[in-house]
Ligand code: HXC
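Below you'll find only one chain, the form predicted alone, shown as C-alpha cells.
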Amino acid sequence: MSITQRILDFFKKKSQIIEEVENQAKTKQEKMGKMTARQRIESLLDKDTFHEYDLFVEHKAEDFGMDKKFLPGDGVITGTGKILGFPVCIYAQDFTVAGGSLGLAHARKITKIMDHALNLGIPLIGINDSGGARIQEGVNSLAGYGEIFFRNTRASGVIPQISVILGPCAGGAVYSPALTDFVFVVNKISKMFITGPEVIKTVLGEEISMEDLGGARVQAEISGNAHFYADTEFECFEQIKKLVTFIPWNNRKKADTFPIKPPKSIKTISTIMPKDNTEPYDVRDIIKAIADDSDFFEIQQFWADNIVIGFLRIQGETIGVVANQPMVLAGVLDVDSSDKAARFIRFCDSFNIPLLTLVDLPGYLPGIDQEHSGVIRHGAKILYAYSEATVLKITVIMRKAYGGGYIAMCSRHLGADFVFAWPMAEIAVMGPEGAANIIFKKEIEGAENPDEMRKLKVQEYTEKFANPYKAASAGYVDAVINPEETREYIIHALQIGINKQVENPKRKHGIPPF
C-alpha cells in the first residue's frame, strides 16, 4: 500500500469516528432540547454554503491521560458561509466533545477564524456552548482565552462581532461575548456567569439556581449583557439573519440599500401624540410611523427601557435610532440608559450608520441611588459618544428637552448636523412649573391668589423660554416643523448629508468615562 493510500485511509477512519461521535452527540443534545453544533451552523447559514476548516486539528496535551483521548474537532467547528447572501466567518463550540472545553488547539481554531474574518473584512459569529477552560491543559487554556480576547478587541469597530449563547458560558469565557457587538440568548438554554452556583454556595452559603444566576432573562432584563432574547434557537437564528441585513460587512463599507417602502402603520404621528403634553405614549409607534414598511428592529428591548435603540430604514437606508421612552420613567436618562445609548451610538459611528435621535425627556434621573451608582460618570458616556461620532446626526425634539437632558440627546452643541423641533416642544433649563416657582417665588408668595399668580408666571415662562422658537432664534434648532413632516425632513437630511466627511483631531484614542 502506498504512503498516499495509507494517509487517505487514516483520515477516512478519523472521519468515520467523527461522524459516529456526532451521531451520538445529536442524541445527547436532543435530550437537552438543544441542536448540535453542526445543526446550529446549518440552520443559521444559507443552504450548502458552509465550508468547514481544521476538522482534523487535535490537541497536544499529554497529562492526566489526555494523550490517549481523541476529541473530534477538539470540541469546536469553524468555517465560512453565507447568511441571506452575506458572507460570514463562524465557529460553534461542541458541548458533546469534552463539554466544549477550551484547550489550546480549540482556542487556536477560533483565533484562526477570527483572523480570517478580520483579514477578509466580514462579520464574525461565535456560538458559545462550553463548560469553560479545559482543566487538564492548565495555563494553556488561559492563554487560549487571552488570545481570543485580544482579537475581539483588535476587531472591535472594524468588523461586526456577534455572540450567540446556546449553553453554558462561564468563568473567563464570558468576556469574549462581552467584548463583541451583539449578544443573543435563548430562554432556558443560555447561561452566563463568572462563578457558578456551587462556588457561591461554598463561599457565601447561598443557594441559587443557574437560571436565576445567569439565565437568558437575567442577561436580557437585569444585567443588560444580552442584546436579543428568544424563546427558541430557531427564533434566535431568525433574529441574527435580520440583524445582518441592517449592518455593513466592515467599517469601510455602508449597509446595503433595500427597496424603498412607505410606512404601513395606520397610526400617524398626530394620532399617536396625546393632546396633553404630560401624558405618556409609546415612542416605538413614532418610530414605526416614519420607518420604511413601519419595520423597527429593536435592540436591548427588555433592559433600560426608558430609552429605545435599534435599526430602521428610511428610503432604503439603514438608520440607527436613539429615542427617549415617555412610557417608562418619563424617558429620563439614568445610569443604565446612558450606557445602553452610548454603546449603540459608538457602534453606529464605527460602521457608518447615520443616527436619528428622538427627544422627549425631563432630564437626568435625580436621587441618592443614581448619584451613588455614578450617574455623573455614566451620564457622561452619552455626551462623549455623541460628541465623538462623525456620522450624520439628525435630531428631532418632540416634546420636553430640559436641562442636561437637552444637551445630552444629540443637541446642536454636541455636533448634530440637523436639529428639528415640533411646535409643542419645550426647550429650557427645567420645566415651566419648577422654573416659575424659583424665578417668581416672591411674587407668587406675595400675591393675593398664589395659585392664580403661579399659573400666570408658568404661562409667562413658557411663552418666553419653554418653546422651540427661542432655541430656533438662536440657531440651535434649524426648523420648527409639523410632526407629520418629520419623515420628509429626515429624508432630505439624509440626501443632503450622505457624503458627510469629518476627521477628528489626530490622536491614538480618546479616554471615555468608562
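Note that residue numbering begins at 1 and tracks the sequence as displayed. Source: prediction; values computed, not measured.
Omitted from view is the form predicted in complex with this ligand, to which the following refers.
Proximity of residue 168 to this ligand in the predicted complex falls within the 4.5 Å heavy atom cutoff.
Contact annotation for residue 210: at least one heavy atom lies within 4.5 Å of this ligand in the predicted complex. A residue is said to contact a partner when one of its heavy atoms sits within 4.5 Å of a partner heavy atom; residue 428 fails this definition for this ligand in the predicted complex, lying far away. Taking the partner from elsewhere, residue 439 is found to have every heavy atom lying beyond 4.5 Å of this ligand in the predicted complex. Checked against this ligand in the predicted complex, the candidates 142, 222, 158, 204 yield a single residue with a heavy atom inside 4.5 Å, and that residue is 142. Residue in contact with this ligand in the predicted complex (any heavy atom within 4.5 Å), chosen from 318, 101, 395, 152: 101.
Residues with any non-hydrogen atom within 4.5 angstroms of this ligand in the predicted complex fall in just one of 367-375, 241-249, 126-134, 341-349: 126-134. Looking at 439-474, no residue comes within 4.5 Å of this ligand in the predicted complex, counting any heavy atom.
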